[in-house]
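A single chain, nothing else alongside it, follows as structure tokens in the form predicted on its own.
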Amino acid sequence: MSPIPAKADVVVIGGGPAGSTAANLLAQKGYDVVLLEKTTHPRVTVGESLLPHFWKYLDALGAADDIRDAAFVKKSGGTAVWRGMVRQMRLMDFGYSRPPLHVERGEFDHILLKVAERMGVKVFERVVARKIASNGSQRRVSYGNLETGEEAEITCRFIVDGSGQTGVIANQLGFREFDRDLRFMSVWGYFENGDYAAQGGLVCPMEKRYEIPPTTVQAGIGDWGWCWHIPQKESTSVGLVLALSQQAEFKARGANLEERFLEGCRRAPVVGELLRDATLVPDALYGIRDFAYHPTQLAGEGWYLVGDAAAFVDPINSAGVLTAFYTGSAAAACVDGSLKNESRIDYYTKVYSRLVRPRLTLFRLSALPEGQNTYQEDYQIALKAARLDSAVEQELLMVQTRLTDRSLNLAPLVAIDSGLAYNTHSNRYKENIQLTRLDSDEPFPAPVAGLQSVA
């Protein structure tokens, strides 16, 4: 590894999608960009479902061909199992010409980082950012090199923090607050073999995943917990998201985390049956608690928070990577504008917050358990983002929330602005889907009415 330089125009902390996006776009503008990543890619990251919006960002990054060549599994849409009702939607019905994907995030993130490096970003892995400091127009990032043990610092003009849940800047400056309305824990792992749900309620074996595109399955468990099922290239990502009221019961079941997780998956409507013949990949269970949070500030004197370093909510609407691309792109544009005209630094700091906070807030409202928002100011904030979306994009968000009985979360926005498409009828999703097995007369068990307990 070449020596870490003593100075750069921009230091990016973190090599996830948000950090690599900001670094890539700034390097394309000709800036000297250094990216510090504490792990080594490909890193362990949860398997994820991506909405088709992401392709426009890949085009800007010069990464579309690389992702296409990786041959990730194409998804056709979503299947929601909620209170005994099976609903489905097809994303191509919303006018998208390129497919949504199910991706192994370790590989996906690694590709984005390599493309950023190709664009001129100086990437240093196993280097952990410790803290930041400012001195006039200069910023300093103190870091530790985990390979050499060296402790040093790098001087720059701007810092983009994409450090994810580590939240280097937010935690140092005290800007992070946990979301009191999203007190969940999540446990996830990977299964080999098993079945998946395709469009039309067709249940297919995993070997058909490239021939018959799968859907992302979301199954409600308990009051407002849920389970995801995401078929990928080699395995299926499965996770449990449990509300506070479910966590004690979950922990009381089984002698260890693996037993509890398997039992929880078995009890999840439809997902349990899809996993009937599947095998849990050993030594690949992960968990996190109280994972939803937001910052009280998104940008400041010479720094920007992007991706999960800025905020994180329940991933039920597959908005995580899109948020990373959006915030990484917005931060890059604001840093570029500031470097070109330093008299407008304060202006771009405010622009970033005005662009990003409403988008994050709208994603949060759409993911909340229905009727559980206690941040009443969020409706006016989210409205600014909602009004920027096209009618089709508004309809897509509305359909996503209807699939999982969350559509009433958008009602206060419609009460303020009746021109929004959140209360319109949509024929782009279907209800009362009957699940049937491909090439088999064996019936597929119907989900029971009411939400099943996870334990």
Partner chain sequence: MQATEADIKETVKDYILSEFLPGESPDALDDSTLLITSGVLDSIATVKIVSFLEEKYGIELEAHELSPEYLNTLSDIARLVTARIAPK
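Between two forms, the rigid core is defined as the largest C-alpha subset superposing within 1.5 Å. Every value quoted in this text rests on a predicted model; they were computed, and no experiment measured them. Numbering follows the first chain given and starts at 1.
Note that the form predicted together with its partner chain isn't included here; everything after this is about it.
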- Pick from 66-74, 387-395, 30-38, 409-417: which stretch has a heavy atom within 4.5 Å of its partner chain in the predicted bound form? 387-395
- Indicate whether residue 180 is a 4.5 Å heavy atom neighbour of its partner chain in the predicted bound form. no
- Message: I'd like to know whether residue 237 contacts its partner chain in the predicted bound form, with contact meaning heavy atoms within 4.5 angstroms.
- Response: no
- Message: Check residue 114 for me: does it contact its partner chain in the predicted bound form (non-hydrogen atoms, 4.5 angstroms)?
- Response: no
- Touches its partner chain in the predicted bound form: residue 343 (any heavy atom, 4.5 Å): yes
- Query: Only one of 363, 312, 326, 261 has a non-hydrogen atom within 4.5 angstroms of its partner chain in the predicted bound form; which is it?
  - Reply: 326
- Note on the structure: Students should find that, of 351, 85, 212, 381, the residue having a non-hydrogen atom no more than 4.5 angstroms from its partner chain in the predicted bound form is 351
- Align both forms on the core first, then report whether residue 392 has a C-alpha shift of 2 Å or more between the shown form and the other one. yes
